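Heads up, the chain below is alone and in the form predicted alone; it's given as structure tokens.
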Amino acid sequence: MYNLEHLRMLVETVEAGSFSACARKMGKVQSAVSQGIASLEVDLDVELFSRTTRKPTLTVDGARVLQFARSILRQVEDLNAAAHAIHRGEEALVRIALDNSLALPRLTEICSGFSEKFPTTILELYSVATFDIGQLIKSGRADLGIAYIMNDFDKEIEQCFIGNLRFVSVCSANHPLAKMTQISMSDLIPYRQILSRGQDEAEVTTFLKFSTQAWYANDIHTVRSMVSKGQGWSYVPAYFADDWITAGDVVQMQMSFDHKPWNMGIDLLAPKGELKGPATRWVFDELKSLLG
């Protein structure tokens, strides 16, 4: 029966270009490589290399076998990496719940770094409303959370302030408010406001309800759809609004009472006194820089 070393000889010979180069890379004599390839051909009953040229040239069948040999060796590497990760105490899974308006560009960089540092640990991201993240943490369905600061304090959750996110007000270009150069609080009263809240109807109290009527959503992309279709106006993160404005979906409203941008505080959440292992601790520390 063929062994892993013979499969490595096949792959290394193809990549290095010769039996002698393969032997040098594997720390063997050339005859051992030649014999290993010959044994593999006998075991598989397949001619892997053409013997009519001086340089090893794969046969059609050899090229087909090569794909499987590479796949097997990659799986062996993954198995070894998983075993080493287990010995280091690395978790099999890290779950992060975040408000989907907080999937900032820095998050992509953190995920890439996580992939390199913990290649065998699964990273799972849940996109949920801020108001529902605490319950996911407390129930053990999420290891970490990224949420807007809520006024209530929960003794079961560790809250780490990581910065502020700027918000601006937007409406459809066809909305009556878009035509006003200075919008007062009283101007907002007749027009529907789009607000965010969770499944238990909890709301972020930082943003006042100016309008006499309101619709609600727990997803930033739903808010965009509602606003762009003229169904109401809303405060949204500026980095989202910039893209929407560039796309022509919405315009920024000119509020007379907003002398400075509205800012919302962001918290990094974790179970009180419990960070499971090195992967969770690493991503917790990295997420502190989510807002730059």
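Everything numeric in this text was worked out from a predicted model, so none of it was measured. We call the rigid core the largest set of C-alpha positions that still match within 1.5 Å between the two forms. Numbering starts at 1 and follows the sequence shown.
What comes next is about the form predicted together with the DNA, which is not displayed.
field: Site test, 174, 222 and 224 vs the DNA in the predicted complex, non-hydrogen atom cutoff 4.5 Å
entry: Answer is no for this spot.
- prompt: Which one, 48 to 56, 259 to 267, 242 to 250, 65 to 73, holds residues whose non-hydrogen atoms are within 4.5 Å of the DNA in the predicted complex?
  reply: Of the stretches listed, the one contacting the partner is 48 to 56.
message: Quick check on residue 279: any heavy atom within 4.5 Å of the DNA in the predicted complex?
response: Looking in the predicted complex, residue contacts with the DNA do not include residue 279, since no heavy atom lies within 4.5 Å.
- request: Using a 4.5 Å heavy atom cut-off, state whether residue 289 contacts the DNA in the predicted complex.
  value: Answer no; every heavy atom of residue 289 is more than 4.5 Å from the DNA in the predicted complex.
- prompt: Would residue 25 sit within 4.5 Å of the DNA in the predicted complex, counting heavy atoms only?
  reply: No.
- prompt: With the partner left out of view, is residue 29 within 4.5 angstroms of the DNA in the predicted complex by any non-hydrogen atom?
  reply: Residue-level check for residue 29: yes, a contact with the DNA.
message: Core superposed first: is there a CA shift of 2 Å or greater at residue 283 between the shown form and the other one?
response: Comparing the forms between the shown form and the other one, which are aligned on their rigid core, residue 283 does not shift its C-alpha by 2 Å or more.
query: So, does residue 43 move by 2 Å or more at the CA between the shown form and the other one, with the core held fixed?
result: Yes; that C-alpha moves by at least 2 Å between the shown form and the other one.
- prompt: Superposing on the rigid core, do we see a C-alpha displacement of 2 Å or more at residue 34 between the shown form and the other one?
  reply: Residue 34 C-alpha, core-superposed: shift of 2 Å or more.
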